[in-house]
Every structure is written in structure tokens, then in C-alpha cells.
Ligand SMILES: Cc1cc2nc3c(=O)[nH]c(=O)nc-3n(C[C@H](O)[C@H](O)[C@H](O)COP(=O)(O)OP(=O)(O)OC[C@H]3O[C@@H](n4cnc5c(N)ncnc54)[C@H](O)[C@@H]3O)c2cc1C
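In C-alpha cells, one chain follows: the form predicted alone.
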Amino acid sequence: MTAPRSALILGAGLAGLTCAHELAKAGVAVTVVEKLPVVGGLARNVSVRGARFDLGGHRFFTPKPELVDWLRDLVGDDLRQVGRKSRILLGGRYFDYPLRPLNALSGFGLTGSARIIADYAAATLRRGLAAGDDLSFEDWVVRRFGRRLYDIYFRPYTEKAWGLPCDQISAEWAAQRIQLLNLTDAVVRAIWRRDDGPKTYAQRFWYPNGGIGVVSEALAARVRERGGVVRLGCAVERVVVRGGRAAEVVAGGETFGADVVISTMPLTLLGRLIGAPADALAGLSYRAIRCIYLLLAMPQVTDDTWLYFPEAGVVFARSHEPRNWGVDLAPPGGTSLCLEVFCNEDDEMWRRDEQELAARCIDDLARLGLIAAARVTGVFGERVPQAYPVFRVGYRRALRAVLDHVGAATNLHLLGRTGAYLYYNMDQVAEAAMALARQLVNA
């Protein structure tokens, strides 16, 4: 393989634009095609009546100074650090997220807490005595925390977020996303009146003035400055594989060719376009989100960066208040909320009328005591398809089959959360994009 002179990138989200920027710096002729009229993908901004929103709130956290330097170089003095405060609202009580042992037990009294700790201890003992494979999310959590804590905390939110029973969700999801607690140690710390948070819990994260979309906007500007092309409103219609290579791509009615093609579009869509096995594609899917945005005539709802709502009776699963990320994001003289309603693209929640769904959200907020309905001065929404790859039990077999088919085109590369079917955070997306660019130019 030789270094490419030209590259075609499918998708102008963070992954695609970061890779395009790095390739353009190395002198590669870059073209980016994007179906939306704006750049940013999942990490774009929505603006209305003086308020700015993310599609659910995107943080940039990394322990690597070089990634912070990269981000600062893009947005300059507009980069700031934001303190993170995330909580779960459950049964009228607030619990820290990620869970902290004493706080997690605080809502259940002495008897309830003792039962949780006993169940946890029994699970720990069983795991020590008998090794076993964890196939599902349920297996993983119950073996480490016990059934009671699983039923109280982990199962309700997870099933609400993914729309699947926990015994159908891969254990990999739990292993990646759940921080382990030591409830036994919590008893000792209770005696000494200490409740230290998890040592690896990110207390602060990086965020640009103006919203997370500023990052992608800066990347797109840099690409264009270096002679690259970013075509918006240009949806991919066809990918032609010939002679073991992605020979051409039809997008927006035009035909494009390049030495390498880098896809950040949903893997299932790319797979269909290049004829991947239908049974393998059926084993992969994405979870969608509907974001309901509220403008509010009040100074602040809470001081949280995120709030989580596990209860099935609450239509939304998570919220964030942009003012708590930066006062420049709030509407003049008030605040705002983004409420995330998880759904599938073919279900009733996805099809529901926006005003009807917003009314349900407002009713739930009022019932929870967070706002008064009269404080709402504006409502609008965004549908976000293919937001999260779904990791069902056994998904890796289907993924392997699709990846094998993609790999038959030697100049076709996958990138990003939706493109590579990986649950990456923003820093991981940027780092992977840089690594792919280096690999190509150093070939």
C-alpha cells in the first residue's frame, strides 16, 4: 500500500473532519461529503431564540495532554473547563452518578442498606468460588453487585435507554461503562465519615464557548483553508466496489473517486450499499434519540450537568441544562433544558407528534417538581437517528461478518462511533481519526 494522493470521506462529523484535517495537513487532496446541511454529525449544535443546545450534551475529557493541546489549537481561548455534576433522580431522591457507595445506600434506610450489602457480599463470594462467563449485561451486573442493586439501579435505566431486556444486551456494554463499587469498604468509610468518589471519575471536562459544534466548525474551516472540499446536503447513494477496491461513490447525484474512501456513515447503511450479508446486517442496529428542547422563564432548574431518570413512568431518560455548561448557551433572561427520549426509528415514540411528546415531557417535569408548566416559553425538537450502536448478545458474530465484507475492499476504511460500530467518547473518536490518517500517509 502506498500513501494516498486523494481521500474521500463519507460524513462530516467529528471523526470524518478530524481525519480530513490530518490528511489535508499532510498534503492529501481531501473531499468530505455530508448528507446534512451542517457539519458536526452527532456533535453539532442546534440554535433557537438565543439558546444553543447539543444533541444531548457532549463532553470532551481526556487524560492525554496532547489531545487537549489539539483541541485548544482548534478553538483557542474559547476552550474552558466545566465542573461535572451528574445525578440520578429515583423515587424522589437524588443519587450521585457514577454511584458512590454511601450515597447509593442512603435512600434505603438501615434495613434496606443492610440487605443490599448482604446481597452484594453474597454475589462477591459466589463469583470468587465459581468462575463463569458473563454473556449479558444482567449476568455481569448481578455477579458483581447482587440482584437487589441490579433491580434498583442498573436494570431500569439500561432497559429504558436501549429498549431491550438486560439479558439481551451484551456484557461488554457493562464492562465498558460501569464503574465498580466496593460496598463493603463503604461500611468502613461510614464509620470514619468518609465517602470518597471514584478515583477515576472525571470531575471536570473540556467544553468550547458556543457549544460542542464549534469543534467541527473549526475543523471544517481548517480543511477548506488547506484546499479540501466539504460538500453539505450531499447524501451517499451508491458505493461501487470493483477489483477489490471502492472504485467510486455516488453522492448528491455526483460521482466521486479517490485513492482511499473513509466511511463514518452507519455501518449498516454502508453494508447494504456494498452488498454485505443480509443476515449479518440484521444482527446490527442503532438506538435513536428524540431531543426535546425547552426554553424556560426561570434562572435555573438544577445545577447538574446531567440528570438521569430510570423510572419507566418518565418519558425521557436523561436531561442536561446548557446554562450549567456555559451561560452563553442559555436564552436571554432564562434557562433551557434538553430532554432525551430514547427510541427506535420504526417505533411509536419516533413517530409521535413533537408537540404531543413535548407536552408529555413538561407534565413529567412538573410531576417531578423540577419546573412549573407555566415557565415554558418555547418548545422544539430534533430527531437523531443512529445515535448509539446496540450491543446485543452475540452481536460480534454479525459484526465480524460485516467487517470481513468491508475489508474485501482494500482502500475502504471505517471510522467513528456509527461508522466503526464502537461506543467511543469524543476523545477516542478524535484519537482514532488521527491514528488512521497517520497510518495512511506513512504507508
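Residues carry their position along the shown sequence, with the first being 1. Note that this is a predicted model, so its numbers are computed, not measured.
The next section is about a form of this same protein that is not shown, the form predicted together with the named molecule.
With a 4.5 Å cutoff on heavy atoms, residue 381 does not count as touching the named molecule in the predicted bound form; it lies far away. Taking the partner from the other structure, the named molecule in the predicted bound form has a heavy atom within 4.5 Å of a heavy atom of residue 35. When the named molecule is considered in the predicted bound form, residue 426 lines it closely, a heavy atom lying within 4.5 Å. The closest heavy atom approach of residue 79 to the named molecule in the predicted bound form falls outside 4.5 Å. The three marked residues, 269, 289 and 388, each reach the named molecule in the predicted bound form, with a heavy atom inside 4.5 Å. This chain appears without its partner; in the predicted bound form, the one residue of 236, 295, 314, 164 with a heavy atom within 4.5 Å of the named molecule is 236. The partner is absent here, but in the predicted bound form a heavy atom of 43, alone among 414, 43, 51, 398, sits within 4.5 Å of the named molecule. Partner contacts here mean any heavy atom within 4.5 Å of the named molecule in the predicted bound form, and among 403 to 411, 22 to 30, 373 to 381, 58 to 66 they occur only in 58 to 66. Along 329 to 345, one residue reaches a heavy atom to within 4.5 Å of the named molecule in the predicted bound form: 340.
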